[in-house]
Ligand code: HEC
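Taking the form predicted on its own, here's one chain by itself in structure tokens.
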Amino acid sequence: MLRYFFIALGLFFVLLAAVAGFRGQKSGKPPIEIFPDMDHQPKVKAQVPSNFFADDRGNRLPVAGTVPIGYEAPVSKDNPFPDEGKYRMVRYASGTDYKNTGRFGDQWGTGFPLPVTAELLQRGQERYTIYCSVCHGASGGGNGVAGQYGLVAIASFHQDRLRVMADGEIYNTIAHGKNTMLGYGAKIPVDDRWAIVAYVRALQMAQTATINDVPADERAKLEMPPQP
């Protein structure tokens, strides 16, 4: 029985070598594909007609109300779907200054290159909720839902290392990523990155602020006894 096994094994290798020997030879016949690997899957190629649609066009027009990548639509309550052509281009990066890089020369900078207003913080909260909270959590404690599904080493913004980290380095981390965090430079425009940095600072202060951090005029309101 062992002899027949080795004979069969030898014939198998001879057949394999014979089949492999045809590789690279020119032929007008269709190739024999043992593993096609979806090489011939049905698909619509660019600028090619298609009878699948009534207008015989393979390329489709954008869906009404969608916004092209790299643009922003001035959406309002009265106009949730702005007309095409009313989009404004957003800036993802276009310079080597502090606002675009987070650096002054070869050093990380601290401070905000745009006014920190209530509107900026509100924008930062909105963008943070969309892009950051899934990992870092709503309060920045590193307890987002992604951690419940196996993602490890999620940073808490309330550790001392990140409390003292320069604003520019946090901006750079948002843009380019760090360690297991991927960069969001292609998704979050420059101004929105700074809005997120401002909101992260607000989350940090919310955990450590004292009454002395409140402006004097606002502090008086907090110290007033409750009205009956």
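In this text, all values refer to a predicted model and were calculated from it rather than measured experimentally. One rule holds for the numbers: they count along the sequence shown, beginning at 1.
The same protein also has a form predicted in complex with the named molecule, omitted here; what follows describes it.
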Only one of 27-35, 44-52, 160-168, 60-68 gets a heavy atom within 4.5 Å of the named molecule in the predicted complex; which is it?
-> 160-168
Would the named molecule in the predicted complex be within 4.5 angstroms of a non-hydrogen atom of every residue among Arg123, Val190 and Ala198?
-> no
Is Ala153 close enough to touch the named molecule in the predicted complex, meaning at least one heavy atom pair within 4.5 Å?
-> yes
Using heavy atoms and a 4.5 Å limit, would one call Phe112 a contact residue for the named molecule in the predicted complex?
-> no
Met181: heavy atom within 4.5 Å of the named molecule in the predicted complex?
-> yes
Using the partner position in the predicted complex, report whether Tyr131 sits within 4.5 Å of the named molecule, counting heavy atoms only.
-> yes
